[in-house]
Structure formats: structure tokens, C-alpha cells
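Form predicted on its own, single chain, as C-alpha cells, below.
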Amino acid sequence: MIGYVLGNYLVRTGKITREALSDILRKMEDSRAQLGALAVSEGLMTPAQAEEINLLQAERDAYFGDLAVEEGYLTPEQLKELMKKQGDPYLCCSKVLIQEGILSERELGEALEEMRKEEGLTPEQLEEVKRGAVEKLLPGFLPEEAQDYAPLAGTVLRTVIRLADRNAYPGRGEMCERFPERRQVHQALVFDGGLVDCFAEEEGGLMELAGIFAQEEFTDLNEDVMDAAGEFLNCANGLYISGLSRKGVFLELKMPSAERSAHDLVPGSLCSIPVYVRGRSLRLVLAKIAEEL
């Protein structure tokens, strides 16, 4: 997350080019191993155990390390050591920027402070960005009227990070009057009233997300893109309602649809959140349904 947030700021301010940002992100990826691969290489887990945890992640909204501890494959102490070896995201980012001669330590500190102010982040929120802690960062990015959406939005964003781009990050959400006019795919989560969430195209982010998920390169915003985006949304929402069901709360998922949303929505309940995937943006829009469908 920090690589994209800081990197895009450096591009906007002319300190680096878009091509340089791609190179920085690639070098960050090279210096930061996947936790499962690291656990296997350290002899703490077998490949079969790592694959089992990967499959569990397809059913539950949880981090690899937390599931590995829960299943008894790692101890909390082993997880802590692995995370140290994996590398702190911000340290990896700053190391690349300084070693490549892009910024000095002083210039890096100045750029971070300028970026924090421009993005409207508190010092505490900046620390969460450095750590990539979406679940802690997201409530501060949502308007007061949309705080109830944080659990669902957090699950969707964590799914994007886990399945599409581990550097993906949210922007500041805002209340809006209606669903975007751009191409969109939405899905209803029904209980007494219910919720509806939606992916809408903005600057190539929806096509990027769909392409990664479908393992296909899309050049047009066609029905195949909408189908793949709908499947991704269904996967994320499925994780959310699965988590609720373990707490005794049961919701029904409607089929994703790329048709214009015609739900009877609670007035003033729509919230739009920009989501950046590989430097391109889409919109995650959430709203409350007025009555059970």
C-alpha cells in the first residue's frame, strides 16, 4: 500500500515518472516474500499446509498468518519472526527509494509529510498506511454517515489486496446521491432491509481488477469484464456473509448484476470509495436497501 500511495504522490508532483514507479514497485515485490512461501522455506510449514491455508483464505476473511496459527501450523512467536523476516512494507519502500538515488532520507521525510497533508491524513493514519493495515485505516477514510459500512468495505478491500494486488489501497470516501453513471456491477446482501455494494469503472481500475481475477488481458470494457468483476464481488461478499454466519447472523446474497441498480435505497445512504489497483482507480459504492427484496 505505502509504495502506491507515496509513489503516486511522487508521480503527481513530478519527482518520478510513471515508469520509475513501476520499477520501484517491482523491486519492492522482489524484496518482500509471500508469508506462506517464507514459512515453507524456513521449514516451519509444508507446501501442503501452506496450500491448505491458501484454500481456507478463499472461504474466510482472514490473514494467512492468523489462519496458520489458528490451525496449529505456526505458533504466535513463529509468526512474529516470519513477519520480521518478510520485511516491513515501509522499510522496503524507503530502502528502494534511497538506494536508487531517487530521494535522500531528508527528502523522503519531507515528501511523506507533504503527502500526509495533501491526502488529509492524521499522523496516526499515516502510520497505518505504512503498515498496510486496511482494517484500521478504512474507518478514518469513511464519512461519519458511512461508518456502518466499514466491516463490509474492509472485507472487499482485503479481498482485493489478497487476490489482485497486495499494494491496493482505498482513497477518501464521500457520500453521493446515486450510483455512478459509469459501467458497474452490483450485488445485494439481503436481510431486514439489507445492503447493496457495487464496483464501478473510473480510470481503468475495474478492467484491471477483472483482468487479474480472470487471468486475462482485457482491452475493452465488455461483458467479459463485467462478468469477472461480478464474480470477484460475489467472492468478497461471500466471505463477508460467511463471517457473519459464524456469529449467527444470516444474509442472502443475490446474483451480481451489471444492469442499472433499481433497488429502493435509503435516501442519503450512498457512499463512494475510490480503490486503486495497480495505480488505476475504480469505485466501491455501498448503500442501504430500504425494504427486503
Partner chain sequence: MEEKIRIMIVDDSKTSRKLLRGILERGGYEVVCEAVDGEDAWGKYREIRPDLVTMDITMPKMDGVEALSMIRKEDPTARVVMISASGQREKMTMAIRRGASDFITKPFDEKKVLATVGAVLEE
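Positions refer to the first chain, counted from 1. Fair warning: this is a prediction, and the values are worked out from it, not measured in the lab.
What comes next is about the form predicted together with its partner chain, which does not appear here.
Q: Within 4.5 Å of its partner chain in the predicted complex, heavy atoms considered, which of Ala111, Leu163, Cys92, Ala200?
A: Among Ala111, Leu163, Cys92, Ala200, a heavy atom within 4.5 Å of its partner chain in the predicted complex occurs only for Leu163.
Q: So which of Ala37, Val249, Leu55, Val266 reaches within 4.5 angstroms of its partner chain in the predicted complex, heavy atom to heavy atom?
A: None of the others qualify; the residue that does is Leu55.
Q: Looking at 213-221, 131-139, 69-77, 114-122, which lies within 4.5 angstroms of its partner chain in the predicted complex, counting heavy atoms?
A: Heavy-atom contact with the partner occurs in 213-221.
Q: How about Glu259 - does it come within 4.5 Å of its partner chain in the predicted complex, if we only consider non-hydrogen atoms?
A: Glu259 lies outside the contact set for its partner chain.
Q: Please tell me whether any heavy atom belonging to Glu59 falls inside 4.5 Å of a heavy atom of its partner chain, as the geometry stands in the predicted complex.
A: Glu59 belongs to the contact set for its partner chain.
Q: Can you tell me if Thr46 lies within 4.5 angstroms of its partner chain in the predicted complex, counting non-hydrogen atoms only?
A: Result no; Thr46 lies far from its partner chain in the predicted complex.
Q: With heavy atoms only and a cut-off of 4.5 Å, decide whether Glu51 touches its partner chain in the predicted complex.
A: Judged by the heavy-atom cut-off of 4.5 Å, Glu51 is in contact with its partner chain in the predicted complex.
Q: What residues of 213-238, in sequence order, lie within 4.5 Å of its partner chain in the predicted complex by heavy atom?
A: Residues within 4.5 Å: Phe213, Ala214, Gln215, Glu216, Asp224, Asp227, Ala228, Glu231, Asn234, Cys235, Gly238.
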